[in-house]
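The chain below stands alone and is given as structure tokens, in the form predicted on its own.
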């Protein structure tokens, strides 16, 4: 019998388009050599343009899904995406607290690409209090980072991303990767922060169009890299490379955003171009 691949347990919502959510996690994890384990947190009504509705599952169902898997097989990494409710956040936080040695990749999904609200202020507060202190790395885009790090003293001022990272690290996570897709820059610049400051900065050619599920892809790719034994800085770079290549090879099957091609490496016409410029 062959050696089993590393396993990653993803907590995420179902996305019928296959562009984001648990479907994106499954494709990414499998593409990067891992066996995906899944816990569904919510069912969504959405297309490639945006999210119309979210039905959060009963928290007990979420817990039962996770416990059944965790009691049956080893898990190398946890990955968390869209959560659906404060009660689900609380339930998942309790489950993962029983496994403090398993790395946790947290993708704080707060809104859709179209801007549809996916997390209330109460949910954001619960993430800060219950999940960030348990996270190995969180992967917010710049908008999510500012919202997570916002405090009452900021008033209408937008905190600098370095300041946001410091606040998020102070909340208890080990690393913060802030992505620059939403920043007004010629290239997409991503910064990985640790307790001693910036660990690495990577710049990527900005691709035309918009993409559904890029954040899910990046977070799952980081989880896969960690499950495969890479150290955090190297794993974050490899995950960015994988994500950029999947976006470059993306396709537009509907009337909305493009979808990443997470199996780009299996296509005969893939040219393997690299858009990274490490700083």
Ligand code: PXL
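Positions refer to the first chain, counted from 1. Remember, it's a predicted structure, so these values are computed and weren't measured experimentally.
One more form of this protein, predicted in complex with the named molecule, exists but is not displayed; see below.
Not one of 27, 222 and 262 is positioned with any heavy atom within 4.5 Å of the named molecule in the model of the complex. The shortest heavy atom separation between residue 142 and the named molecule in the model of the complex exceeds 4.5 Å.
Within 4.5 Å of some heavy atom of the named molecule in the model of the complex lies at least one heavy atom of residue 51.
The closest non-hydrogen atom of residue 9 lies beyond 4.5 Å of the named molecule in the model of the complex. Using a 4.5 Å cutoff between non-hydrogen atoms, residue 136 does not count as a contact of the named molecule in the model of the complex. Residues with any non-hydrogen atom within 4.5 angstroms of the named molecule in the model of the complex fall in just one of 222 to 230, 40 to 48, 245 to 253, 59 to 67: 40 to 48. This chain appears without its partner; in the model of the complex, the one residue of 82, 127, 92, 165 with a heavy atom within 4.5 Å of the named molecule is 82. Taking 181, 150, 112, 203 one by one, only a single residue has any non-hydrogen atom within 4.5 Å of the named molecule in the model of the complex, and it is 112. In the model of the complex, 212, 216 are the residues of 190 to 221 with at least one heavy atom within 4.5 Å of the named molecule, listed from first to last.
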